[in-house]
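Single chain ahead, by itself, as structure tokens, in the form predicted alone.
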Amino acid sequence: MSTASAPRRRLSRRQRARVSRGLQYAVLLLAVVIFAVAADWDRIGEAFFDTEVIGELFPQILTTALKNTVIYTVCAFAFGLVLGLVLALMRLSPVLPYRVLATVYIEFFRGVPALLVLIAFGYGIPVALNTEVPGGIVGTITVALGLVAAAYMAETMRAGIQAVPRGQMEAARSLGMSHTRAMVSIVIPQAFRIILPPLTNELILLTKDSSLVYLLGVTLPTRELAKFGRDALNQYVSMTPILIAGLCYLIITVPLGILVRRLEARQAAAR
């Protein structure tokens, strides 16, 4: 007498997820092993990690290129922050022309590439108006990148100001403060605590946008990291300068990224 076969047991959802995860790890491990076996490590090391080239890049890449990148970024960020705050207050103003002007500015500079703005201030204005932007290369970069950054920061700050409870303004006014004093002393400081993470993200973006400076035909003393890496690439015919320049960018952006995550975590915990 034949017995009926036992029903096949189905895997639970957790077991299926575990099997799927194991297969993904196995595929990843296999890909790493294949790459490790097939790659020409001597050629890769010579192209990307040439110690002689690295030795010749330092300390100039730090004392010139990295320093200039930081200067361009900080100047553009400071200019954009001040202008962005003015634009944010104009967007919230009860005066219609202020709101219209701020809206037109923000929509224009958020829609135009930063590269085009940099070319306009670096080449267009000197040719069309026969005048230079004050401050030389630093002034041109500060104004061009700062104008674009201000459009984004203005919307961020406007959202931060509106996120402050309305009762804060009402309480300040009940204590006899004027609207302007209450905004400066009470609302804006609280708004900045709210928008600090996105403002830090904007600083990271500006750091990377500073690589567009090479279009202005910078000289050796005014080179930033991207231009320095490109010139060294042509000089040594090696990818090592590009890799080192990228690592120098990470020296700036990685700590800022960690700061953003900590600020966001702190804000989430405070809610």
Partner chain sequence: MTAAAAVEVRDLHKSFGDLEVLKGIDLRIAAGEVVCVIGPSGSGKSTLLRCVNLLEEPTAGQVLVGGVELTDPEIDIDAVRRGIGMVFQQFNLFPHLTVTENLTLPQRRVLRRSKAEAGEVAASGLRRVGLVDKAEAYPAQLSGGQQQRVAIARALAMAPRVMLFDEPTSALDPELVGEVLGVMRGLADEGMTMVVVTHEMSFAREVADRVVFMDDGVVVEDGPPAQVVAAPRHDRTRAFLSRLLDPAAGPASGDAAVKAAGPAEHGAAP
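Positions refer to the first chain, counted from 1. All figures in this text were calculated on a predicted structure; none of them were measured in a lab.
Keep in mind the form predicted in complex with its partner chain is missing from the figure; the text below concerns it.
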* Asked: Among Leu116, Leu175, Val127, Val100, which has at least one heavy atom within 4.5 Å of its partner chain in the predicted bound form?
  -> Leu175
* Quick one: of Gln190, Thr200, Ser93, Gln162, which gets a non-hydrogen atom within 4.5 angstroms of its partner chain in the predicted bound form? -> Gln190
* Partner-facing stretch of 175-183, 105-113, 83-91, 154-162, counted where any non-hydrogen atom is within 4.5 angstroms of its partner chain in the predicted bound form -> 175-183
* Do Ala78 and its partner chain come within 4.5 Å of each other in the predicted bound form, heavy atoms counted? -> no
* **is_contact(Gly136, its partner chain) in the predicted bound form, heavy atom dist at most 4.5 Å** => no
* **Close approach of Ala171 to its partner chain in the predicted bound form, 4.5 Å, heavy atom** => yes
